[in-house]
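Quick setup: one chain, the form predicted alone, written in structure tokens, and binding and motion questions come after.
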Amino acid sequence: MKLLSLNIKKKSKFNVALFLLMVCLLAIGCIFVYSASFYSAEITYGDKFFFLKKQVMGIAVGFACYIFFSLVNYSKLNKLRWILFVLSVILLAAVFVPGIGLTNYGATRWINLRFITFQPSEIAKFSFIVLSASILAKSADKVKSFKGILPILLVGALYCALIILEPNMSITICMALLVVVMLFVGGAKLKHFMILAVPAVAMVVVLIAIEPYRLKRLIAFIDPFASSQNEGFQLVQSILGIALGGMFGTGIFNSRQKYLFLPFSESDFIFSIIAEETGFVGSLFVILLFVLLFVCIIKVARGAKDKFGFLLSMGIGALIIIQVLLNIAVVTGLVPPTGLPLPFISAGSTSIMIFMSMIGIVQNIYKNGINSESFFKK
């Protein structure tokens, strides 16, 4: 009886909530990727399922990645941190090599291997989380000094520099925010952030000023309806779509904006289609799923058996919530338009596979920490 009692009390090593939340978001993604793209896919590729097929293939590979990372002990990533860093730098630089880098809409952000196309910046975000978590876990005392956080700042600056050259302002901002969050949870002092704030703001101003299209986007953001047929077109169409959704939406598959009114409706602006078809209630439900996922990841982080696992989980949770907040802020006109996928939902195989891999890592951290004493209590 005593043995039976112990077995009952022992918790499962599989976090069901984490898995189900991921699956729900992926399912929502498939529904709305199809809804947002079937018309444009039929016209462009002669196959209304074109984007849905790519999404399903990305999810299939993503599940393989999820299973792999949930089974392999996350501590092994600690040993691979510099390999991942070097690989990320090589891949980010490779996009500028003729014949390897792929240019679309004036940006060279993809590597084309003929059989697959992917964005190195998605891998770089994951690589940065692993490397910064490793450095911060090993130098808890050093991070209190500016010298201690310098390696993380340099790595982050290198990634940002290579990404902005593509150019990709959105991922650069995402990476910069990720650097701040990792330093914050790692224990950096407030005065360090205050020191870094001035050059960071100055750099943003410079980046906007040196590229005319960014300045035009900023002006369009301030008053998108003043240039509704030019720079403000996408934001205006996004806002109109959200407005059409009202409280309960026009109904799934009944969006008007996807009929070539809203560019990139299946990727960066998919939340606008969700809002149009499901209304305020459906949009709130999707946001709630992300909040629950974030809370779930934070709970796993607090139960991690070591600081590396804690920082790794916190970094993954931070990246997800940063992208969600930026994506929704863009489509609702709260921040200037910039392309950034909605995690697990937007069309894009690279993003899907990386985020599913990261959830697999969190699952592994949970498995290794659930029946061990949390490092918080040590």
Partner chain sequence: MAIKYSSYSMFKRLLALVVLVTFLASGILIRLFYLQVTGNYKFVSKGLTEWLRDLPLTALRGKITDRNGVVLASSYTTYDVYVRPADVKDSEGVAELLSSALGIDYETCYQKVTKKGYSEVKIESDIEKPIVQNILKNFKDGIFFTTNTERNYAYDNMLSQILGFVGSDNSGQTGLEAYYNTFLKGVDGVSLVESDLKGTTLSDSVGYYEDAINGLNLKLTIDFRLQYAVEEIIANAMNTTGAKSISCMVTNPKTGEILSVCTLPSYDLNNIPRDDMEQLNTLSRATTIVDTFEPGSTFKAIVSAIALEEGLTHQHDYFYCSGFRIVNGVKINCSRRSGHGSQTLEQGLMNSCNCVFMDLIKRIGLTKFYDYLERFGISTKLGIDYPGEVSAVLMPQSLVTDADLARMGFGQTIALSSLEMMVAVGAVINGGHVYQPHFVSDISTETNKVVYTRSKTEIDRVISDKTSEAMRNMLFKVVDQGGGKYAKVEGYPIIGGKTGTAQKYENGGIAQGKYIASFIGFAPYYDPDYLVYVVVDEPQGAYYGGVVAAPIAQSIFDKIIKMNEYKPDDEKEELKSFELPTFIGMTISEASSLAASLGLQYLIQGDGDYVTNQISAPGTVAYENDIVLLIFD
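Because the structure is predicted, anything quoted here is derived from the model rather than measured. Residue numbers count along the first chain shown, from 1.
The discussion below concerns the form predicted in complex with its partner chain, not included here.
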Item to complete: Spot the stretch among 327-335, 348-356, 22-30, 56-64 with residues whose non-hydrogen atoms come within 4.5 Å of its partner chain in the model of the complex.
Response: 327-335
Worksheet item: Using heavy atoms and a 4.5 Å limit, would one call residue 68 a contact residue for its partner chain in the model of the complex?
Response: no
Worksheet item: Should residue 184 be counted as a contact of its partner chain in the model of the complex, where contact means heavy atoms within 4.5 Å?
Response: yes
Item to complete: Report yes if any heavy atom of residue 316 sits within 4.5 Å of a heavy atom of its partner chain in the model of the complex; otherwise report no.
Response: no
Worksheet item: Using heavy atoms and a 4.5 Å limit, would one call residue 344 a contact residue for its partner chain in the model of the complex?
Response: no
Practice prompt. Identify, from the list 146, 82, 96, 294, the residue with a heavy atom within 4.5 Å of its partner chain in the model of the complex.
Written response: 294
Worksheet item: Which residue, 287, 100, 203, 153, has a heavy atom that falls within 4.5 Å of its partner chain in the model of the complex?
Response: 287
Worksheet entry | in the model of the complex: members of 235-257 within 4.5 Å of its partner chain, any heavy atom | 237, 239, 240, 242, 243, 244, 245, 246, 247, 256, 257
